Structure formats: C-alpha cells, structure tokens
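Taking the form predicted on its own, here's one chain by itself in structure tokens.
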C-alpha cells in the first residue's frame, strides 16, 4: 500500500476510572485474548501497510511490552516494520506530548524519512475491522485533502463524547464539532484519517509555529472551510472503548454470535500477541453459559453471560454473571460477582459478594491468595 501508518496511543481517558490507572487505554484487554490496539494494528497489517509508528505516552509499560515483538502483526520485516515512539527530552524540546498534533511533531522525522505518498492516522482505542485501501481509493477519487472515517450511531448513543460531523450530498464535511454540548447529528468521527504525507508535514509544522497541539481542533476543525475534507462512512461494527460503560458493552458484544463470527471467523483476521497457555479447564461441577473463556483459565463454579480473560481461577460454588474478569484473577470459593469488572491480578476473598447496583462496579482488591 502506498501509505505509512501512525497509531495515536498516548492519551489517557478519565472516564475509564480505575481501569486506566495501571495501563494505557489502548492496552485494555478485549474479548478474552486481545488488546484494543490489536484492531488498528491488524487492519494496517491486513491493508498491507508495511511501516507503522505507534506513539505512546501515558502508562505505557504494558503497552510497550505488548508491542515488544512486531511478528504477531507481521511487521517483522527488513523493509518497514513497527516503530514505537515514546516522549524523549532533546536539546530542542523537553516537553511531554501536549496533544496529538504535538506527538506527531515530536516524531516528524519518521514522516520526513519515509517515501510513501500518504499517511493513515488511527486511534488505538477503536474496535473494528477496516480495509484502509478502500479509504485511500476514496480519498484519491474525491481529490480530498483529508478524509475522515465516520459512522452513524443509534439514537440512544451519547455522541456528545465524540467528534460529530455533518456532510453535504457529496460527503464533504461542512461541520465538525469536537465533543459538542448538543449534537446536531448522529454521525461521529472514528478517529481514522487519510492525508498526503507532505501536506501533513506542512500542517504539523504550521501548528508547532503557532503553538497549537491538537490534531482535531487545530487541523480538522480549523481547516474545514479551507481544505477539502471528506467523510468516508463505514457500516460495519465500530466501537470506541473510551469509558467504563463503552468498555463493558464492547466486551459483552462479543457474546453475540454475529459479532464473534464477524471478528473471529470472517476474513481478514485480527492478530494479537500469543501466550503459551494450556486450554481452559472445566472441572466437575462447573457450568458455563453464553460466555467467553480464555486460555489458561480454571473453572469450578458457574459462569453466565461473562467474559473471562487469561489465567483466571474461578473457585467452587462461585457464581459469575454479566461480568468481566480480567487477566490472572483468583476468585475464592462461594463468591458471587454480578455486573462487575474485576481488575487483573486481583485476589477475591472466598465467601464475598460483589454486585453493581447502579451501573458497572469495578472490583479492585489486593489480598493474599488463600481459600477460606
């Protein structure tokens, strides 16, 4: 493909509450065995983008560890590859990334040293599958300066949390509002953009000279009446894990057969770092209904309508319903968990009760691993 990729993975989102205290949002576990950044990386790999830069910053340890080997997404190659950029103090700059545009500016040599004519910019916290080749073809056909990937949301979705766009009949964006107080449309930006490489360099350098740091506010919104900015609508599955509620609903969506079939059985595939773990073990007396159970788990109790991530242990007589159990969690005997997200590497005492009454409850405990 005649493009390089940039994945913006450095931000923090306070709507994730305690879940983002120990990891970047882009490193949030999804569907039992994946991380949220896997979907953007897989789409780029499947679109034959051979050179991808990932810009990380906030709580990047687990994310950098996840990206430590590029072979999982087929980026281990002589030409191109996967590059991870973290903020660095230089003789000219001593700032952390002050925004998405500033993050690109501090790594502008990555763009200047490349030869591909186009750049695909994607957020690392979206769950989707997309052929970027089709977006690039659309971008060239429209002779656009910037193409923004968009999707329509249902009327019950709080689109005020996203950037909303309004397009004319030719799909040219006439209005672009970032997190409006009152949304005028249900069409939101997916955080995926296509732009010519040289033009991006010029815009980013102009932002730096004017001390502007945000890609959406200082480029997309500011230039919408000057540059030809078009919208490319997708009708397939797309979700953004930008809040606890969104994260919970996204994982619960994978319990639907049509969603599992779309991501797991239909081409192209979604790739992730693979751990050498044994298959899940279901002991005598265990019952599992409509749930995803990842590798390395041991199930002794009852699990219903839940997603259980890798290396979880569910004790005897436990009842887990409508919950997400993250990696390496130990749950003692006779424990009831409902409408909850249990943080990774937690130890839940035996004979305890956790239920989210008004929304989703995040369970975080640090106890010795013993059974009572």
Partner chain sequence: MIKKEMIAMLLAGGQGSRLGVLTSNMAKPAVAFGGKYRIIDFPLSNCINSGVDTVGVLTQYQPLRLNTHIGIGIPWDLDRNIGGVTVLPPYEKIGNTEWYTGTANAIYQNLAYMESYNPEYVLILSGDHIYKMDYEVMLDFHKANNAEVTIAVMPVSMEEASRFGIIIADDNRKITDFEEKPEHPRSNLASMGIYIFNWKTLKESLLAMADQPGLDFGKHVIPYCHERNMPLYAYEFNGYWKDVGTLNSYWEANMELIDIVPEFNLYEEYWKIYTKSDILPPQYISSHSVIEKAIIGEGSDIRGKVYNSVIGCGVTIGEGTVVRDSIIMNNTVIGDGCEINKAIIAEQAVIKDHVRMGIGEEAPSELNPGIYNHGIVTIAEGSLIPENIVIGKNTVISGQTEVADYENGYLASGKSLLKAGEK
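These figures come from a predicted structure and were not determined experimentally. Residue numbers count along the first chain shown, from 1.
Beyond the structure shown, there is the form predicted together with its partner chain, which is absent from this document and is the topic of what follows.
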Practice item. With its partner chain left out here, work out from 84 to 92, 120 to 128, 147 to 155, 256 to 264 which stretch has heavy atoms within 4.5 Å of it in the model of the complex. Key: 256 to 264
Revision key, fill the gap. With the partner omitted here, the residue among 221, 140, 280, 234 that in the model of the complex has a heavy atom within 4.5 Å of its partner chain is 280
Study note, to complete from the structure: None of 71, 228, 134, 198 but one has a heavy atom within 4.5 Å of its partner chain in the model of the complex; the exception is 71
Check your understanding: Quick one: is residue 284 in contact with its partner chain in the model of the complex, heavy atoms, 4.5 Å cut-off?
Key -> yes
Exercise for review: Give a yes or no for residue 290: in the model of the complex, does one of its heavy atoms lie within 4.5 Å of a heavy atom belonging to its partner chain?
Suggested key: yes
Review point. Do residue 103 and its partner chain come within 4.5 Å of each other in the model of the complex, heavy atoms counted?
Key: no
Review point. Does residue 295 reach its partner chain in the model of the complex if we count a contact as any heavy atom within 4.5 Å?
Key: yes
